[in-house]
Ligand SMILES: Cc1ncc(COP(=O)(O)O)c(C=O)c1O
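First comes one chain, alone, set out as structure tokens in the form predicted on its own.
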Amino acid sequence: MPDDRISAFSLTEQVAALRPELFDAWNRVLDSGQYILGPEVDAFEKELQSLLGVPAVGVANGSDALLLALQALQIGPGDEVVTTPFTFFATAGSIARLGAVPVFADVDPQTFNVDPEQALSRVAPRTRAILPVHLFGLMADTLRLVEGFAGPVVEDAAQAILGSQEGRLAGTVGDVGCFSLYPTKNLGAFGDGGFVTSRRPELSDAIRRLRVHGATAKYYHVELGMNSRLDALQAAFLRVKLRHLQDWTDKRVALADRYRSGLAAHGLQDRVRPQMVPPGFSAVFHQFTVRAERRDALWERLLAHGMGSTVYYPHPLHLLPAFSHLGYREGSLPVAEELCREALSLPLYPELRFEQVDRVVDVMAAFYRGTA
């Protein structure tokens, strides 16, 4: 009997289709004898620059990308960085690790991204940067932040490669863009990886130094950096996957459209509200995330039918123990807090089939009718 379960995410079919190309890349790296940085990483960085239009610097992971970007901007103790509370911990954690203070601004209830007007209202004399997150593959309103803030804007584009605003790609609008290559990302490695983009050459140069302990030559260190080098094997695998990224992105967009049309056909708009993509924005749907009435019960019902779904993120950052010293309380940022209670990410990956999307939506519709 066939397995009719639907995973929240799966790499099995993708890896099977790419296996010959991946083995070729594996053998090329083995034969090269160079496994850290080197020609494969150089080639991957050049291919990213060709795709995105700005220089790219490979690093060990997405969290390091954020940390190195802020360090390159010389952000440190006592400085403030405005960001969102509705995201993964690394966003604010990278700020705090440098001794700086994350200042949280509430999010837009429809896009789930930081509200640009609220972010700008939190700018104070000690504000050194604004760090928006392009959540679930939809860019935050970065152009508004760049227009309204005189300092640097650091894009957390971990989930948004090829996303755009007014035709400008994620990671190219602000001063620095930070990307994760974690296996589940739209462009994912077979382990950890990340990269940083910048339209400012001096920042790209700084990040290249900082990723190798602040060295400009072997054993010659001009500043304190860290060990954040991208493995050659990961770069070689990523070069294979990069060739397929646009096709995978198109499939994600088509699947998201299928979800939207299915939810509308069942009349679920008032109970299941998908993340809104405003005019002028192009989302790449790292996740298809909705605000769901009775979220936890729906989550359990989908699981009971063999359908995976995921809660990103169950706790707003401003209420986590790690940031309790900042003085936020429940109700401080109400939209983010509501989203943590309501957001549910439905199954989405390029190999998912339309009929599987339809089955998920059918179970959701039956749940709200009280018949599932």
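From a predicted model like this one, the values you see are computed outputs, not experimental measurements. In this text, residue numbers run from 1 along the sequence as written.
From this point on, the text means the form predicted together with the ligand, which you will not see here.
A.B. asks: Using a 4.5 Å heavy atom cut-off, state whether Ala90 contacts the ligand in the model of the complex.
C.D. replies: Within the cut-off, so yes.
A.B. asks: Is the gap between Ser309 and the ligand in the model of the complex 4.5 Å or less for some heavy atom pair?
C.D. replies: The answer is no: Ser309 has no heavy atom within 4.5 Å of the ligand.
A.B. asks: Could you tell me if Leu66 has a non-hydrogen atom within 4.5 Å of the ligand in the model of the complex?
C.D. replies: Yes - in the model of the complex, heavy atoms of Leu66 and the ligand come within 4.5 Å of each other.
A.B. asks: Does Pro316 reach the ligand in the model of the complex if we count a contact as any heavy atom within 4.5 Å?
C.D. replies: Pro316: no contact with the ligand in the model of the complex.
A.B. asks: Suppose contact means a heavy atom within 4.5 Å; in the model of the complex, does that hold for all of Asn61, Val133 and Gly193 with the ligand?
C.D. replies: Yes: Asn61, Val133 and Gly193 each sit within 4.5 Å of the ligand in the model of the complex.
A.B. asks: Quick check on this chain: which one of Arg295, Arg144, Lys251, Lys185 has a heavy atom within 4.5 Å of the ligand in the model of the complex?
C.D. replies: None of the other options qualify; the answer is Lys185.
A.B. asks: Ile207, Ala158, Val154, Ala170: which sits within 4.5 Å of the ligand in the model of the complex by any heavy atom?
C.D. replies: The residue in contact is Ala158.
A.B. asks: The ligand isn't shown here, but in the model of the complex, which of 75-83, 122-130, 109-117, 158-166 has heavy atoms within 4.5 Å of it?
C.D. replies: Every other range fails; the passing one is 158-166.
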